[in-house]
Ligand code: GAR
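Only one chain is given next, in structure tokens, and it is the form predicted alone.
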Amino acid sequence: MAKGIAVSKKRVAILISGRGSNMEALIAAAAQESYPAQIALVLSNRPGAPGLRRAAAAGIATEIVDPTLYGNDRERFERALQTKLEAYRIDLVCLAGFMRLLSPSFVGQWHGRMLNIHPALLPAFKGLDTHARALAAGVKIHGATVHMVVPEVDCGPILAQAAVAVREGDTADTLAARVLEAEHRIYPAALKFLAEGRVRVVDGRCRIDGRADADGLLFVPNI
């Protein structure tokens, strides 16, 4: 890249409902000058979400679209959501603990431009309570997945995954803590690939241009 040529960064909105742990990881990554995206907005459907205070403290614009103001009218709620995203000229959306189901119509407007992170190795353990369910199933490896958002919940093309070993004596909380560390690493990386324009979806699978396949094996228990 020639000196003096400014590269336009993708404008990203992070949608949250709670504390915003993954939001903070994305904000920290985007603070690096070389990162290809900037966090232009943090938006919550819950006025009291702790993540809003954290985002504001980091100098990020925050907005609230409270669904209780729209009753059962999901279409009006999503129109308000879209209006906010357009006002901030958002290019990409990252869901980070956003506890609202989005309609196929809304998702369609962001096709290929909306990411979600799920605390399990999809397609296993879709939905909620993933850590307890993983322990109940007796799996030896658990993890996290970043995927494209499609109308079907937790079903979009997988962009990145990270695995952690399940330990003897793990509880849902101890396992969740290790998975969260993995989430904080793969979500910024996945957003980086997307913002750089390196992600292609081919036959329902994400391909990342210029990225070598990972090597190595994880054995649980060690052998």
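Owing to the predicted nature of the structure, the values given are computational and were not obtained by experimental measurement. Note that residue numbering follows the sequence shown and begins at 1.
What comes next is about the form predicted in complex with the named molecule, which does not appear here.
Look at the stretches 81-89, 94-102, 107-115, 132-140 and give the one with heavy atoms within 4.5 Å of the named molecule in the predicted complex. Selected range: 94-102.
Can Ala189 be called a contact residue for the named molecule in the predicted complex at 4.5 Å between heavy atoms? Although the named molecule is absent here, Ala189 would stay clear of it in the predicted complex, with no heavy atoms inside 4.5 Å.
Is Ile60 a contact residue for the named molecule in the predicted complex, using a 4.5 Å heavy atom cut-off? Close contact is absent here: in the predicted complex, Ile60 is far from the named molecule, nothing within 4.5 Å, heavy atoms only.
Is Val164 near the named molecule? Define near as a heavy atom within 4.5 Å, in the predicted complex. Because no heavy atom of Val164 falls inside 4.5 Å of the named molecule in the predicted complex, the answer is no.
How about Glu196: is it within 4.5 Å of the named molecule in the predicted complex, going by heavy atoms? Residue-level check for Glu196: no, no contact with the named molecule.
Give me the residue from Ile158, Leu180, Ala29, Leu52 that has a heavy atom within 4.5 Å of the named molecule in the predicted complex. The option sitting close enough to the partner is Leu180.
Need the contact residues for 146-163: heavy atom within 4.5 Å of the named molecule in the predicted complex, sequence order, or none if there are none. Going through 146-163 in order - heavy atoms within 4.5 Å of the named molecule in the predicted complex - there is one hit, Asp154.
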